[in-house]
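Quick heads-up: it's one chain on its own, the form predicted alone, in structure tokens.
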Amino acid sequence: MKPLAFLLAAAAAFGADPPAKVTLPTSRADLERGKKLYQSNCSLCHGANGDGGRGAVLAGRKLARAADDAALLKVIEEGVRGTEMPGAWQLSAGEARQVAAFVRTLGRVSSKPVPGDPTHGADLYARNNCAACHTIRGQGGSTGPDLSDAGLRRNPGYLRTSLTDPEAEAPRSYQWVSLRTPAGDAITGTRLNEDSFSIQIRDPSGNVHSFWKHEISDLKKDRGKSTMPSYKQLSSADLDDLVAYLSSLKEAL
């Protein structure tokens, strides 16, 4: 780096304000209020005790996307881009802090061990060709949701239901779309992105298509539809093993 550039960079670094430290409330009244707010706004997805479900598991001493209190508060206030976690716009700044304080108490709840053999579960995952649709650590298909952090985002009960009855627990962000192109061709696939003017979908072969909405016709969205087959035919023990494997996947994305 040239001397002048180095000095400018150093000056910018020294002149930048340090990240503001967040102090969460600790009084019993604040924690009780945080619990009530959590139950009414968060428990549907994260579970009453933070054991997860449609949302991430919060009953842990370390949260993948909230290493400190400032990060946790930011997640609550702003949500997590690219996931089903929305920002809590309906909460005041003080209420968000109360919720964050209560979430921290969930890390003291002892979690139950997941029954099953994850090693055999990994073998079942491979033998059933789940990687044709799902990605784990960058390996696999892209038709279905990425499973690299399935153990962080879903609890064992949710994962088991997803295996036996996929459409009962289809992620809200996962949507099957069918449309007719300007040339008259029919295309179906999973929605990647959408705004008021455009939509992008990925077809079953992995090809990405992007369209202006005013150019297409017969746009149909099948909420809750899943192309994933049911694995009800697996024995209870095999399902335990497969769930144990998926629960062990905790790589933060």
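Start at 1 and count along the sequence shown; that's the residue number. Just so it is clear, the structure is predicted and the values come from calculations on it, not from any experiment.
What follows is about the form predicted together with a small molecule, which we do not show.
request  = Choose from 205-213, 25-33, 180-188, 41-49 the stretch whose residues reach within 4.5 Å of the small molecule in the model of the complex, heavy atoms counted.
outcome  = Only one stretch passes the 4.5 Å heavy-atom test: 41-49.
request  = Check each of Thr105, Thr135, Thr164, Asn128 and return the one that places a heavy atom within 4.5 angstroms of the small molecule in the model of the complex.
outcome  = The residue from Thr105, Thr135, Thr164, Asn128 that makes the contact is Asn128.
Contact of Pro86 with the small molecule in the model of the complex (heavy atom, 4.5 Å) = Heavy-atom contact with the small molecule at 4.5 Å: present for Pro86.
query = For Ala70, is any heavy atom within 4.5 Å of the small molecule in the model of the complex, or not?
reply = It does not: once the small molecule is placed as it appears in the model of the complex, Ala70 has no heavy atom within 4.5 Å of it.
query = Pro145: heavy atom within 4.5 Å of the small molecule in the model of the complex?
reply = Contact with the small molecule, yes.
inquiry  = Ile201 versus the small molecule, in the model of the complex: is there a non-hydrogen atom within 4.5 Å?
reply    = No, Ile201 is distant from the partner.
request  = Mind checking the CA-CA distance of Glu194 and Arg153 in the model of the complex? It differs by 3 Å or more from this form, so is it closer or farther?
outcome  = Note: Cα gap between Glu194 and Arg153 shrinks in the model of the complex.
task = Mind checking the CA-CA distance of Gly141 and Asn193 in the model of the complex? It differs by 3 Å or more from this form, so is it closer or farther?
result = Relative to the shown form, the pair is farther apart.
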